[in-house]
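Here's a solo chain for you in structure tokens, the form predicted on its own.
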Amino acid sequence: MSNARTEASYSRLQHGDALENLLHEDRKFAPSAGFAANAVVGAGVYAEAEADRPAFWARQARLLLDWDTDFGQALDWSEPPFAKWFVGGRVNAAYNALDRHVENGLGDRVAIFFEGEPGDTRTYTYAQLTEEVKKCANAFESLGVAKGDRVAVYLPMIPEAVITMLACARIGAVHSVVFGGFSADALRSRIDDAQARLVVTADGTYRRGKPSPLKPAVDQALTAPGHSVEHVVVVRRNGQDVDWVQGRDRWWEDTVGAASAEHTAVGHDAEHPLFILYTSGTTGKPKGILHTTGGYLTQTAYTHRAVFDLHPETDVFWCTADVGWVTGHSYVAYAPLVNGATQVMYEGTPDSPHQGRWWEIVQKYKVSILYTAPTAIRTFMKWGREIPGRYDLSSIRVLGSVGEPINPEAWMWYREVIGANAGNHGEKKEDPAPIVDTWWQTETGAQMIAPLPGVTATKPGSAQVPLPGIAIDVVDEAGASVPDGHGGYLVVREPWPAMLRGIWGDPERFKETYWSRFEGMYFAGDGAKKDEDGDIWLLGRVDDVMNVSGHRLSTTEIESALVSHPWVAEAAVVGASDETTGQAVVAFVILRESAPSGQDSGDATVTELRNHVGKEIGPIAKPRHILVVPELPKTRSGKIMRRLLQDVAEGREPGDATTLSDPTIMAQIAESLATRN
């Protein structure tokens, strides 16, 4: 991020009235005596971790994981920013998620309750899931996949996604999961960057009651020569007809189904790559975030246990995230299974076939821990409290929030309507379920800031405190800690076990992106404030990455997609505040003279350009609004002043335009928009 951009961001953090108002929150909710008495962790854990962070994490690693070979050194930080955790240790992620539970007599415990969108169900015990992963590991090895090879995963939220990920981890292959909503071009770029040898996909999935294809995107991605893929394994999910490439494509049931169920897991080095997960970058090119095995498993397992007060023998956990995002990696595929928990996986959307679908699932499986995004909560608020009121949600005892800052109103609704539901004709629980609002990133691998439900007096809208063993701070533009009541940049001052180990194939970009702004500190890219109590409030991105429904999207990437259309001469994209999705994509475009005349302000142009972005990147990136303008506001050096466009997008009077090369541009834009409206 440029210094000018950073300083402008800091100014907004310091002086924005809306952000100041956010911090006036006097409501606090202490844990009930009963909850605190039975909590998994107590208040003393903070002092324990503070005394020696590496030693604290070493204790957790040995407590939570079975190691083939014990480690000798907890942390090697001799070559920052490249960390090595649990040096010399050897561990297998799949064995820790599966085999050891079976060996310890828990084979009959349910690992996954799967609920398909059409209403089909499957239940996997730990013994059954272990067998499926062993067969999958054998099948992949029979296709020539070896330790260190990359496997691209392009699947819906079905058990085969988790089975594939764990099979890769078992044999030491590196999985690269690509969200099923991304386009063929986005899939191909990720396949090429990782040089994947195998792609695992499905014929399709279901979306709002209709079959939705997946394999055609894989076929399109692999049409052009020069790719690295040797085989494509296809799960038969919705029965759609698919094209077939002989010698390359094979059905899951013929490959995995026919494989042996005997497979011995061997330990991999604690720093062996576990997965690559691509996330948007400010340069437009997605970044392949690399995570390794031992540290990642330790922190995800610990945070899952401590933050959700997990009692695996009785709890039913449901994280609603897709495995295409990091939340689905950490709190669906790995941590719940490493901890021996029972969890729910759901394929569909909250409103199919009806708006009570989620609450129907909670009631059916007696979900006790629910982890979801503020976007979903705000959507449920719009639909009305009478919908969840029809269901028995009394099983819920902990609620989690993830993906973006949650506004206090949504936090309170979550507590009162979902957390206090006693399931008896509208009666309320005396002690509503505590809410744990969590902050973390693809790069951090696991939760970093969150209250502990048996310890912390929770506060609506605030993630509050760094977790034990995590050194978080809010600093000013010089890197100095800000006092309580002030805002700045969120940084991590010391290494943590689940931290990314780099950007795949680009160590210099890793250092430049995350470690160049503040010496010796990881800069998260988020703004934050400390309130008068010292609690942390997250304020969203300070760079050009937007957070739309918890999905990080690069403005540069969307701008590039728009400009690739023959009608568009130039484009600027901003994230505008949206009460449902957190941020919404708003694009300002200048059309070429070659664009069809008479359409520059019409619905046809907007539809064409929105669909083009959907094709180039994926539907999640489609701009909410596209505004055709005569010119873009630029400084004398040619930099687009996006803050002025954001003012327009959010309905405010544009701010100071004196630095523009042509100060009249904003008036022209306003006049142009008024004419079109």
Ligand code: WTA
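What you see is a predicted model, and the numbers here were worked out from it, not measured in a lab. Just count from 1 along the sequence shown to find any residue number.
A second form of this protein, the form predicted together with this ligand, is not displayed here; the remarks below concern that form.
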Contact of Val326 with this ligand in the predicted bound form (heavy atom, 4.5 Å): yes
Is Leu538 close enough to this ligand in the predicted bound form to count, meaning some heavy atom within 4.5 Å? yes
Within a 4.5 Å heavy atom cut-off, is Tyr414 in contact with this ligand in the predicted bound form? no
In the predicted bound form, Gly107 touching this ligand (heavy atom, 4.5 Å): no
Location of this ligand contact in the predicted bound form, chosen stretch of 332-340, 432-440, 233-241, 349-357 [non-hydrogen atom, 4.5 Å]: 432-440
In the predicted bound form, the residue from Gly469, Gly403, Gly575, Gly419 that sits within 4.5 Å of this ligand by heavy atoms: Gly403
Heavy atom within 4.5 Å of this ligand in the predicted bound form - residue from Lys530, Arg100, Arg552, Arg397: Arg552
